[in-house]
Every structure is written in C-alpha cells, then in structure tokens.
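First comes one chain, alone, set out as structure tokens in the form predicted alone.
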Amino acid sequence: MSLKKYLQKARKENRAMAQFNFSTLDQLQAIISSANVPIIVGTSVKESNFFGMAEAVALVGYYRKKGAKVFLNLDHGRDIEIVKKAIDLGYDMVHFDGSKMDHDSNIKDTKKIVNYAHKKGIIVEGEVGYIPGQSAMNKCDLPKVDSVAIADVVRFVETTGVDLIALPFGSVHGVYSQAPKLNYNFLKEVSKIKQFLVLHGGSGIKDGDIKKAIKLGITKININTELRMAWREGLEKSLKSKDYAPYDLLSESKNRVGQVVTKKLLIFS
C-alpha cells in the first residue's frame, strides 16, 4: 500500500505510525530490523547533508525491495529548493517547515510545495506554529510552547491542501529533566480537521500521554533524540573496550537503538 493508505489505516485502528530519524547506516539497519509494522524513517536537512539524500533514497528502496514496509521523509525542510530536491530524488514524503515565517508566507510557500509534490504522487506535511527545542539531551528548563489559533490551522490546511499537519500543543524537540505537558483540549478541537495530525518531539513524553494523544487523533509521531541518546550510550560503552573493529564498536549502539524502536512501536500500537 501507499504511505497515505498506511496512515489512513493507522488512524482507523486508533494507532500512530512512527517516524524514526537516522544519520548513519547502522542506525537505519537497527530501525528497520526492529520494526514489525510499517514505519517512516526520516532525515532532517543536516542528517541529509551528512548521509546523502540520494544514498538515503537508494538504501530505503533497497530495504523495501527486500520486504520492509518503510517510507522515507525529509524532516523540517525550510528551503523550497531543498524540499524539491528531496521530491525529485524519490523521498516518499516531505515536511515543509514554514513555522518561523509569518502565517501568510507559510501558506504561500507550503502551497507551492504541495502543488509540486502532489504532481509526483508525494504527500506533504506542513507546520503551523513553532515547536521549540533541539534533538539533544537538554539540562535547561522546558522551552515555552506558544499556542496557535484553531482558525489559523483551518485556514492553513484548507488553503494549502497539505496531507499532514504538525502543530505545537506542548511537545518540544529533545529530552529535558521535565516531561512536557500536552494540551489535550487543543488536540480535541484540532482533531476535527481531516488532515493527519503529527506529534513532533516524541522523545521524553510519558508513555501514557503518548497513548492519550493517539486516542485524540495523533496519527504520526516523530522520534529522534532517544535514538541519538541510545546510539551514543552504546558507543561510549564499546569505546571502553580494547576493540578497534567498527563492527564491534557499533554493535552495542545498534542493539540499543533497536530496543528503543521496539519499545516505541509497542506504545504507538
């Protein structure tokens, strides 16, 4: 089935599809080998620059030919030309993040991407309202999450025609000493729109809160920081040994990344 069909199926069954970001081959291998359900793998622009867009497309395509139900997304693309490049190279979906623009400019540029992508059968995720934070372990306090008007969300989706929409309702990028508090009242209201709702910053949110958000309409959840943390912790442990072979040094990282994937998929389903 197409990615859109899998998203529709997940929403109908009150589940959420996971997006796991990667920037190394061993991360990608661990994610795919640990997934027993359809998933999305993502590369941010920085991750794409490091790994290679064409390389990511080729490898995801290779695993799909081997039977993996996996789809590739460009995460937080803020430059129209970069997003178009991902579409042309064969990404299965793209996320155009115009959240730092004024509302009208965001609508205008998102609509350009939607028109370009839909002609090629690619689905688009848009974003209204800025979701703060960064994909790292943060020792500072949780950043403030600004609210967004429901009317602005409705205008955005009706004008642009996006397939998915990311919104600020309490989640933040990264892991903090405090768990984010999700705004369920906002989620109840916004769930009335037909577009698939996306939760960014899925790392660090309590399991019960994730499950409640799914019941209220979240269909896609992004995980990155917890994978990065697991990868680094595994590598730090391996570097204490006397090994020099990369396949030995990275084996613990792969195991730990796979454990995070398995845990999250159980929660999301």
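All residue numbers refer to positions in the sequence shown, first residue = 1. Quantities reported herein were computed from a predicted structural model and do not represent experimental measurements.
One more form of this protein, predicted together with ligand 13P, exists but is not displayed; see below.
Engineer: Considering ligand 13P in the predicted complex, find the one stretch among 150-158, 73-81, 114-122, 100-108 with heavy atoms no farther than 4.5 Å from it.
Structural biologist: Selected range: 73-81.
Engineer: Is V172 close enough to ligand 13P in the predicted complex to count, meaning some heavy atom within 4.5 Å?
Structural biologist: Judged by the heavy-atom cut-off of 4.5 Å, V172 is in contact with ligand 13P in the predicted complex.
Engineer: Look up in the predicted complex whether T219 has a non-hydrogen atom within 4.5 angstroms of ligand 13P, and give yes or no.
Structural biologist: No.
Engineer: In the predicted complex, does A30 come within 4.5 Å of ligand 13P, counting heavy atoms only?
Structural biologist: A30: no contact with ligand 13P in the predicted complex.
Engineer: Although the partner isn't part of this model, could you tell me whether S48 comes within 4.5 Å of ligand 13P in the predicted complex, counting any heavy atom of the residue?
Structural biologist: It does not: once ligand 13P is placed as it appears in the predicted complex, S48 has no heavy atom within 4.5 Å of it.
Engineer: Would you mind checking 200-230 for residues with a heavy atom within 4.5 Å of ligand 13P in the predicted complex?
Structural biologist: The stretch touches the partner through H200, G201, G202, S203, N222, I223, N224, T225.
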